[in-house]
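In the structure tokens that follow, the same protein chain appears in two forms, which are kept apart as structure 1 and structure 2.
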Structure 1
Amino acid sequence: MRRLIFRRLVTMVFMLFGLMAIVFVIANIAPGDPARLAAGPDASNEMVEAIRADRGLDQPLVIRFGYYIANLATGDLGTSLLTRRPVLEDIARFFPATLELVLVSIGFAVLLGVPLGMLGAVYHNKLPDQTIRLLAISGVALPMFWLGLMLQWYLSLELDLFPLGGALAS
């Protein structure tokens, strides 16, 4: 058992490494120039080159991958070109909201889905089962973005139960 766990852990290290290598290469061969993106559309070519050198983007891919791995090992995920903040900080800032959404929706799923499923099983092929099945199939068939919009419209604009946005605003 211990050997199995050990073997799995070792394979996992290699797998993660391979995964990181693939993602890194894909991100780097994708068209688009991160230095230009960071400098802004009007920046002169000299400014773009300065940023490229400053961020090490002028280095060969292998060396950059080396830096990437070394930084990852010390918990440094780098700095976002978009928000200019450390990536880890951004994740820490937004993750709680994501977690909250997931937990609330799992709560809904368990509290409503499980009893309804049981009800369906008990009254197999009878009216309750058929009603629940209709609900379930509608759930599969309705596009999420549409349903989301409709819920926003009905719950917020019509019933005025919730504000439309601003969960993170204080």
Structure 2
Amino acid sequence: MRRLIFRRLVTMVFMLFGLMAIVFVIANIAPGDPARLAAGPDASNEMVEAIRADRGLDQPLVIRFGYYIANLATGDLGTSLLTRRPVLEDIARFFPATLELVLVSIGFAVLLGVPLGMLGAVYHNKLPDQTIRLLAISGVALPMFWLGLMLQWYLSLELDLFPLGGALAS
């Protein structure tokens, strides 16, 4: 048992390292210059070069990867290019709304899924089971962004049940 746990922990370390490397590579091959984005559209070339030097973007990729790993190990996730605040601060700010969304979604899934699953099992291969199966497959096949937009439109504009913007808990 200890040997299995040890093997899993070693595997986890390699997987985390591989995942960090993949995220780093994707972030560095994405189109666009992060220094230019941070400086803004009206920035001069000197300002862009100063930001590039300040953030270490002029260093070789291997050196930047080392800094990336060291910063992750200390909990420094960097600064958001969009809000210009520390990323950890943005995560802390938006985490309550995300948690609320996750908990409500799981609640709906359990409250709908368990009874419908039981109903489908009781009426196996009959009309209720086939209808539930059709709805489940349709729900998985529909693009979630489209379904979300349609639900927003219908529930907020047509039925006037929810506000179109903002959070309910605010």
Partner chain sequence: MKIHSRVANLFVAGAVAVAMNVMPAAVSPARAAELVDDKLYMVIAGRQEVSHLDPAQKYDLAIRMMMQALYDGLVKYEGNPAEVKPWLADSWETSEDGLTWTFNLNPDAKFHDGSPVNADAVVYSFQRTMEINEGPAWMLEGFLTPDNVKAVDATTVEFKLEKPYSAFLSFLPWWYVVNPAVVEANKGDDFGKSYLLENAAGSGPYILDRFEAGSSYVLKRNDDYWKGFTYDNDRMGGVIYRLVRESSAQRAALIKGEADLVTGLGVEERQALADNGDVSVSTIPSLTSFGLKMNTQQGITADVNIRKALAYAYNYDSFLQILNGEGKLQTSPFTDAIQGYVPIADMPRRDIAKAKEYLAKTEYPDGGFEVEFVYVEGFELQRQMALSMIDAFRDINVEVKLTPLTWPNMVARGSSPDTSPNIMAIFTTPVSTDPDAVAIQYHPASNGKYYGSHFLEDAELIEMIETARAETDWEKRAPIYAEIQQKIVDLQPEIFGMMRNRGTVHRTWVKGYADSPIRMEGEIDFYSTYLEP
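Heads up, when I say rigid core I mean the largest set of C-alphas that superpose within 1.5 Å between the two forms. As the structure is a prediction and not an experimental result, all values here were calculated from the model. Residue positions are counted from 1 along structure 1's sequence.
Colleague: Between the two structures, is it 1 or 2 that corresponds to the form predicted on its own?
Modeller: Here the form predicted on its own corresponds to structure 2.
Colleague: Is it one rigid part holding both residue 112 and residue 83 between structure 1 and structure 2?
Modeller: They occupy separate rigid parts, so that residue 112 and residue 83 shift as distinct bodies between structure 1 and structure 2.
Colleague: Quick question: how big is the domain rotation between structure 1 and structure 2, taking the chain as two rigid parts and the angle in degrees?
Modeller: Hinge rotation between structure 1 and structure 2: 14 degrees.
Colleague: Following alignment on the rigid core, what Cα displacement (Å) is computed for residue 152 between structure 1 and structure 2?
Modeller: Residue 152 is displaced by 3.5 Å at its C-alpha.
Colleague: What is the Cα shift of residue 128 between structure 1 and structure 2 once the core is superposed, in angstrom?
Modeller: Rounded to one decimal, the shift is 5.0 Å.
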